[in-house]
Each structure stands twice: as C-alpha cells, then as structure tokens.
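In structure tokens, the next block holds one chain alone, the form predicted on its own.
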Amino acid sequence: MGHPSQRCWKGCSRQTVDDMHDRYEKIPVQVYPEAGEAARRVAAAIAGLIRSRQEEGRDAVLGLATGSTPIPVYRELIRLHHEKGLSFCNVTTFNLDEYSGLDTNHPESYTRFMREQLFDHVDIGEGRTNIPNASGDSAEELENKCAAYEQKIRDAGGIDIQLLGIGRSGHIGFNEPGSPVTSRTRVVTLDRITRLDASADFQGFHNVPRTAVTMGVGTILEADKVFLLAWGKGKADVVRIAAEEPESEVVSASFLQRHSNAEFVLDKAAAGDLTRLRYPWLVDSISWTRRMKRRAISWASGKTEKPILKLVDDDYNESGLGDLIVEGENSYSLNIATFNDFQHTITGWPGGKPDANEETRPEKSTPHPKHAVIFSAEPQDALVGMGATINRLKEQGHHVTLVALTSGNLRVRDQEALKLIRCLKTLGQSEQVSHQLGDHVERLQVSHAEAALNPEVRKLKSAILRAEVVDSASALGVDEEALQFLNLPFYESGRFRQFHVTDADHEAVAKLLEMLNPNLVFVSGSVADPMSPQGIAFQLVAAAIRKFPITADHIWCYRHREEALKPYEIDMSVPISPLQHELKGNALQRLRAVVDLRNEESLNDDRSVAAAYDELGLAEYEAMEVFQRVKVEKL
C-alpha cells in the first residue's frame, strides 16, 4: 500500500495514488496501524503550516471538526504547544458546525467542546476562533448569520487545512444525505442516524436537536487541503463507499473525490472494508495463506450465491481466483479444505471440550475447568455481546468472573433516575435522597444537560444500572458474587468523547488481572474507536496483560454492536439453540435503563451470523455468538 512518507501533504494530486489502488480508490487514502500514529502525522502537517506561516509573517487558517475523531489530533497539537513551543498566535479557526438551540455552555455544544479540547490549552487569541451561530429568532436572521460566516471565511483568505470526520450516514460537517455539492453554510435538518448516534450524549434520542448550522460541501471543497479522519470498524463501510463508489449526494463525503488535495487518513480498522484490504487479490498478487484462502473462497461463495462445496473451477476463474487452481490445486480440494476451516470454528464448548482433540477446536481442552474472566467496557456490553456463551460456560462447569470496567452511568436515561427518586418518596424514604440530589430533580424532569453530569445523579444512575446488570446476569446463571464493578476513574470523571485515561485506570485493571490470574479471557473493543469506552477498555486490558502475562495463549474478542465480524474474520462461533436465544432475550429485557441498547437488534445480529454460515453451506442454527482470536504476544 506504500508508506505514508512517500506522499507529501502539500500539492498532492490524484496521480500520486499507486496505480494498483487507483482502480478502486478515487481519492488518496493513507492507512496507519493505529489512530495515534495517524493523528501525529496530521498534527505535524498542521504544525508545519503554522510555523511556515509564522516565518512568512502570515496567518494560518484552520477548519476544525468536533466529535471523538479529531481529539487525538487536538491532544497532539496541545503537546506540541507545551513541549515543542508551537504557538497558535497567528492561527484563525473556523468550525464546521453547531447544534441549534444550545447555549454555548451546554455540555454538548461545539463551542464548549472546542474550548475544552483545544482552545483553552493553547495561546490562540480569543477573537480568532469562529463557530457557526445557530441561534436566531427567524429563518431570515439565521440565513444572514450563515452568509456572514461565509464572508468571514473569505475575508480570512480561505481555509488552509480543513479537518473532517465522517458520520455513519456519510456526512461531513452536518451535510446529511441529499446535500448538494454546491451547498454553503446553512441550517440543516439532522438525519435520524446522526441523531441516534448522538442520543447517548444527550440522554436520549428525544433530546438531540433536530437541526444544526453547518458549512456546506461547496465551502469545504474550497479549502486548500482536506484531511478526512476515521477510526474504528464502525466507520469502515461508509469510508469504502466515500472512497470507492461514484460521487453521490447520498454520501456527501464522496464529493471529496473531486478535490485535488484531499485525502483520507485512517486507522487499519476504519480501512478494513477497502478493496485493497478486504479483497487484496483483486488489487495485487498476494501470498495465499490458509486464512486468506478462506476469505477469498467465502467471498466467491457469496458472489456466485453457491455454498462452498458447490463451487467449480469456472466459479474460481470468474471470481478472479484462477491462480488458486493453476498449480495442482482443484476446486474440489479447495472447497473441502475451506469448508472444514469454517466447520472447525463452530463449537458448543467455548471453554474447550475435555479430553477432545485440540487440533481442530478453537479453544484448548486443558485445563478444565477454566477460570474465565469476561471484561465489559460498560456493564451491559458482555451480556449483549456474548450472553448465551456466558451461560454455556457456566453450564459446562467453568468459573466465570464478569468484570464491568466502568459504571456505565452515562448511558442511563434521566427518566430512570427520576423514577427511582419517586419510588423512594412514595415509600417515605425521601430522607435517603440527599439534598444536593433533590435540587436536581426539577432539572432532570426537563432533561437539563448539566443535571445529568452531576456527580450525585451519576452515582444514582450507576446504582440503577448495576442492579439491572446483576438481575440480567442472574438470568444467565451468573451470581452477584461473580461480578466485579471497577468504576474506572476515566469514565467517572469524563463523558463521551472527552475521556482521559490516567495511571490510576491502568493500575486498577492490572491489579485486578494479577489477582484473578485467568486462563481464559474475553473482551471487546479491539477495532473500536480508540476514544470510545470500548476502545479504551481494550487498550487497558491489553496493557494489563503485557504487564502480567496470563496463562492463556490468546484472548477472545466478542462482537460489540459496532464491530460486526464477517464470516472469514471469525475464529470461534458458538451455536445458540432457540431455548438459549430465548434465555438471552429474557436477560436483555431486564436492561431497561440504558439509552439505545437496541437489544432486539443484537438478537437479530446473532441470527444473521447463523444465516451467513448457512449460506456458506454449513449447518443451520438458530443463532450464533462469534469471537475473534488475538494472540497474547501480539497485544
């Protein structure tokens, strides 16, 4: 794919894209092993611009984005300011967007976000930061403010570097599906997907503003240089669409294809659906490992709509896989080997089957029973992702400890806190509700943003979710004594998109791992957004394992809702009978306090995996929970 250093950021053109990628990618794409490295590269480009302009006695004009994606870049810029003397005295900034109707001090306003994430930590002048004004008494007043914002950008000489994220709907800024390429700064109605993704931040979908002000696509395209950043597997599909499919108003990010100096900067997870990574044999000659054959042949099965065992030589040739059968191989032998590979991922014994042949089983048979430790970033994650497997492990005699790394209180709806307060008052226990908490009841009733962040309110919400998780786990056969709640400080002192991990978080996880000393570990978040609770949790667990090596040869990553595994990525699939699927559904119904848990969607995902295996020609099951292996030495 070429090393990123082979391409300059200033003056890059479409011709610099490697020919072998150009057939698919219509825009330069840089892929990095992890988000931190990518963020450092972009921050270095910004710092280079700022310093060169300082030498010239000129201003640098930056277009800035919000959300979790640009935070690693902002933190690196702050580090450069404090440790390398990078000054922002000659920098003028223009933000992409702002929600309508939010006070500038609202926890989710982008004005406050930018102060907390960047402006308050560097020496940028107060009058040099610009964020769209989304307040106004009339449509005409808002229209005038939008026009004034456009004029201010022009008066500053235009934007030198524009940072972008990408939403699941493919939007850049808040240019939702349907935004024309000529659009300018304006008021927009937010897409349902966008509002759903923000619902946890606002304590529920109904609290998310319906409209916002955003720079238009046309405004963005006028920037001299554009970096679109994306981290985590949840963005992989829309990144592929924006980079590889024709321009379309349905995905506004696709219009970046016409920009002569735009590029996508991705971590490996966000790049995972690009043709060169997902189907590399279509792009270049490759080394045909056993795993790669499994990927290619399962793809051919889907492409031809045939089970694996029915593929013939012509199917291989027509799918671009003819080189698999030119050197003595034939479709029959390849089909059998691949079918068996998939078959060997299926096991009803997720902890290993005693006295069984280990060669063809995902998990080794010894020791038995095992001590399985299941890490859950937020308390409900493991129950949603692998609830039936937890029940199976218990039934098969393994010792199971479920570790909730955080309290999860940020996902608990305000209404649940109010409900508990009302119950206490009805029972004459109002004295149990502190005076400080009582002061927030009225604000909770109107979903006041600051009330949800009050420590006393968060403590109450933690208790609510903890009780529900205890109840849900008990339905799966896990007693309360087997549950651990760490309440890690990064979560308790932060909020979504604004978590700061400290030594205290690392020490707490490492201490627990050393104490439990498991020989079977489950966790999620290996390909999540690194700023999400799930991404942070995986990093903390991985660091703890590096510090205190466990006896297991690998750890198992279960599927989080933003990390759906494709069949070729699965190393262990645990069939779920109709009865166990019903049991899991019953357990998840006991989790009612959490915002956008989407339990039914999770149960349907379990069915979809089983259907995908069925389409490959394997046995048909009601549902499956699936896992990916991570070798301990590669953490």
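Because the structure is predicted, anything quoted here is derived from the model rather than measured. Each residue number is its position in the shown sequence, starting from 1.
This next part talks about the form predicted together with a small molecule, which is not shown.
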{"item": "Contacting member of 371, 497, 506, 361, with respect to the small molecule in the predicted complex [4.5 Å, heavy atom]", "value": "497"}
{"item": "392, 235, 461, 559 - the one with a heavy atom within 4.5 Å of the small molecule in the predicted complex", "value": "235"}
{"item": "Any non-hydrogen atom of residue 165 within 4.5 angstroms of the small molecule in the predicted complex", "value": "yes"}
{"item": "Partner contact for residue 96 in the predicted complex: the small molecule, 4.5 angstroms, heavy atom", "value": "yes"}
{"item": "Heavy atom of residue 413 within 4.5 Å of the small molecule in the predicted complex", "value": "no"}
{"item": "4.5 angstroms heavy atom contact with the small molecule in the predicted complex for residue 538", "value": "no"}
{"item": "Region of this chain that lies against the small molecule in the predicted complex, out of 289-297, 262-270, 68-76, 147-155 [heavy atom, 4.5 Å]", "value": "68-76"}
